[in-house]
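In structure tokens, one chain follows: the form predicted alone.
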């Protein structure tokens, strides 16, 4: 599976194939293992040992390595395709139904009726296939009605909320 990691303005394409790790097409010898502390990892890279503190944040990971801190945004190829598809759609004027792109469980509803939202703002967190997916606004507007609540299951194309 491919992942895309952004650190500052630089993006890296990462492919993991079994034990092999490729960064921008170059195979790297990396062994990453979690230690006894959930966020603490031990990494062997080019025959050198490193300790990493990897703290998941809302949309990023904060990685501490040898006293330096890096904010890393990671996107898998499926999420990337979904986001790219959203940007190419012609958006209708007026009311816009926001639907679930995949079936899943609503984990969080991040907006309420009457909230003014901006394009790309997270609206709902949907858990599917053991992953949390952010459902983001494809345009700015005002939340007219929220149709789901945390803990509710939704089918693919199920109505989550309506924007106006």
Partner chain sequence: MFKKVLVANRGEIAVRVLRACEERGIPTVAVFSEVDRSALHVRYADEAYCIGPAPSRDSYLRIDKIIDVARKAGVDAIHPGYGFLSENAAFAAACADAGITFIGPPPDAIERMGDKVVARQTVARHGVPLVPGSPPGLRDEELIAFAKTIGFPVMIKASAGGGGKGMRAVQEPEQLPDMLAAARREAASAFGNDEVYIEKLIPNARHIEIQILADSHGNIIHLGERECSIQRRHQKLIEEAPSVAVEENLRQEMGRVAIAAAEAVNYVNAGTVEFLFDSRDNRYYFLEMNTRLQVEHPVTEFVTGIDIVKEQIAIAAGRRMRYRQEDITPKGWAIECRITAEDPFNNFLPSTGTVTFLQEPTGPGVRVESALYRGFEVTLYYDPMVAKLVVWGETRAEAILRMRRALNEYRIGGIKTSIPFHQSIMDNTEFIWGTFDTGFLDRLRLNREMRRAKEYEKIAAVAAALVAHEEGRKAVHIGNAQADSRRNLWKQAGRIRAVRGLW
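Residue numbers count along the first chain shown, from 1. Predicted model only: the values in this text are computed from it and were never measured.
What follows is about the form predicted in complex with the partner chain, which we do not show.
Trainee: Would you classify residue 5 as touching the partner chain in the predicted bound form, given a 4.5 Å non-hydrogen atom cut-off?
Mentor: Residue 5: contacts the partner chain in the predicted bound form.
Trainee: With the partner left out here, check for me: in the predicted bound form, does some heavy atom of residue 103 sit within 4.5 Å of the partner chain?
Mentor: Close contact exists here: in the predicted bound form, residue 103 approaches the partner chain to within 4.5 Å, heavy atoms only.
Trainee: Does at least one non-hydrogen atom of residue 139 fall within 4.5 angstroms of the partner chain in the predicted bound form?
Mentor: Judged by the heavy-atom cut-off of 4.5 Å, residue 139 is well away from the partner chain in the predicted bound form.
Trainee: Test of understanding: in the predicted bound form, would residue 97 fall inside 4.5 Å of the partner chain by heavy atoms?
Mentor: Close contact is absent here: in the predicted bound form, residue 97 is far from the partner chain, nothing within 4.5 Å, heavy atoms only.
Trainee: Please state whether all three residues 40, 52 and 67 have a non-hydrogen atom within 4.5 angstroms of the partner chain in the predicted bound form.
Mentor: Affirmative, all three are within 4.5 Å.
Trainee: From first to last in sequence, which residues of 1 to 15 have any non-hydrogen atom within 4.5 angstroms of the partner chain in the predicted bound form?
Mentor: The stretch 1 to 15, when checked against the partner chain in the predicted bound form, contributes 1, 3, 5, 7, 10, 12, 14 at the 4.5 Å heavy-atom cut-off.
Trainee: With a change of at least 3 Å, which way does the C-alpha separation between residue 6 and residue 139 go in the predicted bound form: closer or farther?
Mentor: Closer is correct, given that in the predicted bound form the C-alpha spacing of residue 6 to residue 139 is reduced by at least 3 Å.
Trainee: Residue 99 and residue 73: do their C-alpha atoms lie closer or farther in the predicted bound form than in the form you see, with a change of 3 Å or more?
Mentor: Those two alpha carbons end up closer in the predicted bound form.
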